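For reference, the chain that follows is the form predicted on its own, supplied as structure tokens.
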């Protein structure tokens, strides 16, 4: 028996996006848009609603521009063209910056994070109406040429070690776009704002003198919050096996694929990472999930200015030392 589940974006957004306490008198201005296949909400506080609205428009425009660079599906995107290229290719500064960050996380996680899984992602095709488990032979072929050394990056010059390598930035690009949206808001003079791209959250400043209080989705109870945390000027990203998955013969097959095996990673229900940048938190959440509970938590402990927690496949909570005591559990 096969059961396919794509958790509704509205439910994810509700569970991950809590605003607790009294509403400040100034603002907010709140707008949503569909970018990178995800419902994005931008909320900004300030005394001038027109100025906030203009800044939000510019932030959404920046995210849409980056989608044109990073998408694995749009024909003219730089990532699609890089996947099709042979030899050295010159990329934009944004693509180079993102690839360098991704390669750093790939090496720090010993390959648990991998941007070269385009063929594997297409093979599993969890977005289709009838996904199915690929054969071992198909998975082996899709993994050829992947790994931390699959790309050589020199400035804006990029070369794939294997010409057949297909890139997919699904584990990092959304976080990068959130970071850029916040940069646009900051440049426009906004001091209090939050950007949420389907659960990839970055906070600009505080909430007019108060902490932002963020709720974390329960990985087994759709629409319910598992924990909350008070933060300011930080990013929060959660990766979970509940986001895109199907069930076959009583087993859950989800979108967080292990580059070492080609199959969905086992051992975790979800991983939440708190860091300064959403792009780094995005990649680390994927890497820690793939590594499994103990090794994943150890990776987060080794990273500077990064905290997080892991929910294991049997529901245990593992929390980094710097985050211990800061979470309110439900």
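Residue numbers count along the first chain shown, from 1. All values reported here derive from a predicted model rather than from experimental measurement.
As for the form predicted together with a small molecule, it is not shown, yet the points below apply to it.
S.K.: Quick one: of 207, 255, 160, 119, which gets a non-hydrogen atom within 4.5 angstroms of the small molecule in the model of the complex?
M.R.: Checking each option against the small molecule in the model of the complex, the one that comes within 4.5 Å is 255.
S.K.: Exactly one of 201, 142, 112, 226 has a non-hydrogen atom within 4.5 Å of the small molecule in the model of the complex; which residue is it?
M.R.: The residue in contact is 112.
S.K.: Heavy atoms, 4.5 Å, the small molecule in the model of the complex: which of 49-57, 62-70, 279-287, 301-309 makes the cut? Say which one.
M.R.: Going through the listed ranges, the match is 279-287.
S.K.: Residue 168: heavy atom within 4.5 Å of the small molecule in the model of the complex?
M.R.: Taking the distances in the model of the complex, the answer for residue 168 is yes, it comes within 4.5 Å of the small molecule.
S.K.: Would you please decide whether residue 239 lies within 4.5 angstroms of the small molecule in the model of the complex, comparing each non-hydrogen atom pair?
M.R.: Result yes; residue 239 sits at the interface with the small molecule in the model of the complex.
S.K.: Considering only heavy atoms, tell me if residue 108 and the small molecule come within 4.5 Å of each other in the model of the complex.
M.R.: Taking the distances in the model of the complex, the answer for residue 108 is no, it never comes within 4.5 Å of the small molecule.
S.K.: Would residue 243 count as a contact of the small molecule in the model of the complex, using a 4.5 angstroms cut-off between non-hydrogen atoms?
M.R.: Output for residue 243 is yes: heavy atoms within 4.5 Å of the small molecule.
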